[in-house]
Every structure is written in structure tokens, then in C-alpha cells.
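The chain below stands alone and is given as C-alpha cells, in the form predicted alone.
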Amino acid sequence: MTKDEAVKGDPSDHRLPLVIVGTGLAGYTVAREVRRQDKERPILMITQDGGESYSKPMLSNALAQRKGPASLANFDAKEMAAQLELTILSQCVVGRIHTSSKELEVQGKRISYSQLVLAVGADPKRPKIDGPAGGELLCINDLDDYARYRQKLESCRSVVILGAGLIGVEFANDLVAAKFEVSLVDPAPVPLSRLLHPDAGSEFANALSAEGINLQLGRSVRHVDYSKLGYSLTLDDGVTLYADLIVSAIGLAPRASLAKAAGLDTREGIVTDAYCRTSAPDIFAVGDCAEIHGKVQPYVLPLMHSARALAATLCGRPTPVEYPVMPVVVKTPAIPTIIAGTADASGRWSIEAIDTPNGKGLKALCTDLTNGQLKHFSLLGGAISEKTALLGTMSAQHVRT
């Protein structure tokens, strides 16, 4: 299929292309799974970036692995198009979706689709901070952002990271391992506050501090100005930090504006049912932009499960998204951590420091108050050796329910 055929549709074939907007992990997984099940169907992918295939989670620990931006890309768009036998329009922005005529506006042209998959991802949240340099925060959300980040690091010695969530702590650990001076600022009292019990969060914080990361927890940045060598950041308690570079890692916001403008239901993300179907016929959403089962889950495992289920649905086998127990692995060599389930303050908590053949660790378990079932576990340090047994317990419960 040529680009002109992709845009106009082939009049001799009423099977218009499946169009996938986005070439991140979600988009490419859907395309790959559809192609495995249907060798003939025309597929068109549209992306606003270069269309490279790479592992986005690797951005937060590529420095320690001595991987540059070029080596992170496994394949470029041309190679992916050849592998999957489809057409990719790169550096193209979708301006509008016409749900009634089943068309997209792209670079002044109209593209017809048989089915449309929105895998447009999410944008980094940008904090509003007062001061002349309040807008000069670097967010790292894709390969181009990472290339700019690595270029800036060449003339840096000190970095302040805003946000001690999953991405923030991974970048901080990666930087301190590479001998940078690192400060980590977050209004929460412990790192990973949405994932860890406070006691486990304190243990995690101690390990980061021992590696040399300057933790400024329970604090926010109020003002950012220029200094002689970079930036000065004034925190809400009056403390001043100096840095050559400021990285913001305070979270992601699903890209829902295109869907909203087309009249699709949106809340935090693009609202779908269990089959990834949006409120418009033949339009689906998957990945970081999608709100499936009423929840946005910006992690690799739920993305992969939903993309595979969607591919089956697109190929005529309606398959609801069903999530198994999905652990989150935190890439922090200072204190390896694995988290699974939902941490619930109303549950019954058990926090235990343990000795294992792999060293000291901490195990935090949360069980349901009514039936005693395991709802959550956090394993830190040497305790990660218990992952398999605990996942087995939670998976057995999941099957029974």
C-alpha cells in the first residue's frame, strides 16, 4: 500500500485500512499482534515523531548502562514498516477525527479508516513554578527528549529532580551512579508514596540517601531563578538548592484532547469499555492515553495485556481486557524493589525486616480485613527473593475471584 492509497483508500478494495495513531509500545504491539493474525489486512500507522521502536522504560536507566539515544532505538520507522508489512507516516500530526465519515485530517489531507486505534500516549505534567527560570524544566518522555537530556548532561555536574515517584527515583539512581550530584524534591514524606507503605517508603529513602542522593521530601519548589552556574531553587521551607539542570518527573497526563475534540467520552483519559472501545463506533484506545476499567495504568504490563486483547478484538474475536497480577519492578540498584497489588490504608499491614541469602530486606504485606486475602506486597532489597511465592499466592486468589 502506497502513501497515496493510504490517504485516499483503494477503490478496488472496500477494506479500508486499520489506522493506528501512535508508534509507541502500545501502537506497535497492536500492529504486531494484528499482523500475526491477519497477514493481508492493510494497516496504516501515523506518528508525530520519527516512529523509532524502542523501550521507553529504558530511558530511566540507560545512563548507567552506557546506552546513548541512538543505541536505544532498535529499529527505525522504515525497518518497522518492512517487518510488519504496513505503512508508517512519520512526523505527521492528526488534526481532527471525523467520526461520522470515519476519516482523519492529516497534514491537510483526509484519510479513511475501517477501524481506528488511538495509542497516542501521555504528556508529562509540567509544574507551574514562579521565577524567571520557572519554565526551564526538562521533561523526559520520549527518545527526542532523552537526546536533549544527554546533551545537557555533558556540561552538567548537578541535577535537581522534581518528583519522587517511579520515574523520578529511577532517574535519580541512574544519575548518582554516574557520579552526578543529585537532589530529589517531592511534597510527599517518602518516595514512591502512592505505591509503598510509609514504613517501606522510609526504608527506600534511607537507601537512596546512603547512595548520596540529597532527599528533600515533604517540600515543594516555590521559586526558580538563574544563578551564575545554572539555577537556584527556593523550596517552601526556605532552603535553596543549586543545580546545572532541573528535571521534572511529576507524572503523566493522558493525551485525550484529540478524542475530546471529536466528541468521544473522556475523563482522566479516553474512556473505553473492557474491549478498549470508545464511545464512537470503530474507534478504540489503548496504552497511556486510555482509561480502561475506569483507570489509567501507565505501566508496561497492563499496556501489553490490553494491546493483545485489543488486537484479538480487531481481528474479529471480541476479547475483554483482563489483567493478571502485575508486579511493578523499580529499577533502583541502590535498593531493588518489587511492588504488586493495591496498597490500601484500610487493610491489615505487616512490615517485616528480614535476612536472606541475598542480603537484608524489608517485606510489607497488606491483607483484606474481611477475608484475609493478600492485596498488596512490597519487597525491598534481599526480600525480592520472595517475589515468586507471593505472586503465586495473589495469582491463585485472582483466579478464584
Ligand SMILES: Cc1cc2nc3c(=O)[nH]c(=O)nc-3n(C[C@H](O)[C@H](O)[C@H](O)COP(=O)(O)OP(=O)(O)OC[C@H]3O[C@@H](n4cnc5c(N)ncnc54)[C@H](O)[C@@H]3O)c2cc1C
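Everything quoted here is computed from the prediction, not taken from an experiment. From 1 onward, residues are counted along the sequence shown.
Quick note: we don't show the form predicted together with the ligand, though the next part is all about it.
A heavy atom within 4.5 Å of the ligand in the predicted bound form is found for exactly one of 83, 141, 227, 206: 141. Scanning 325, 137, 215, 258 against the ligand in the predicted bound form with a 4.5 Å heavy atom cut-off leaves one residue, 258. Taken together, the three residues 21, 57 and 329 all lie with some non-hydrogen atom within 4.5 angstroms of the ligand in the predicted bound form. Per the 4.5 Å heavy atom criterion, the ligand in the predicted bound form is contacted by stretch 87-95, the sole one of 314-322, 87-95, 276-284, 183-191. At a distance threshold of 4.5 angstroms between non-hydrogen atoms, residue 298 is in contact with the ligand in the predicted bound form. Residue 337 falls outside the set of residues with a heavy atom inside 4.5 Å of the ligand in the predicted bound form. At the 4.5 Å threshold, heavy atoms of residue 170 reach the ligand in the predicted bound form.
The shortest heavy atom separation between residue 341 and the ligand in the predicted bound form exceeds 4.5 Å.
If you take 107-123 and check each residue for a heavy atom within 4.5 Å of the ligand in the predicted bound form, you get 119, 120, 121, 122, in sequence order.
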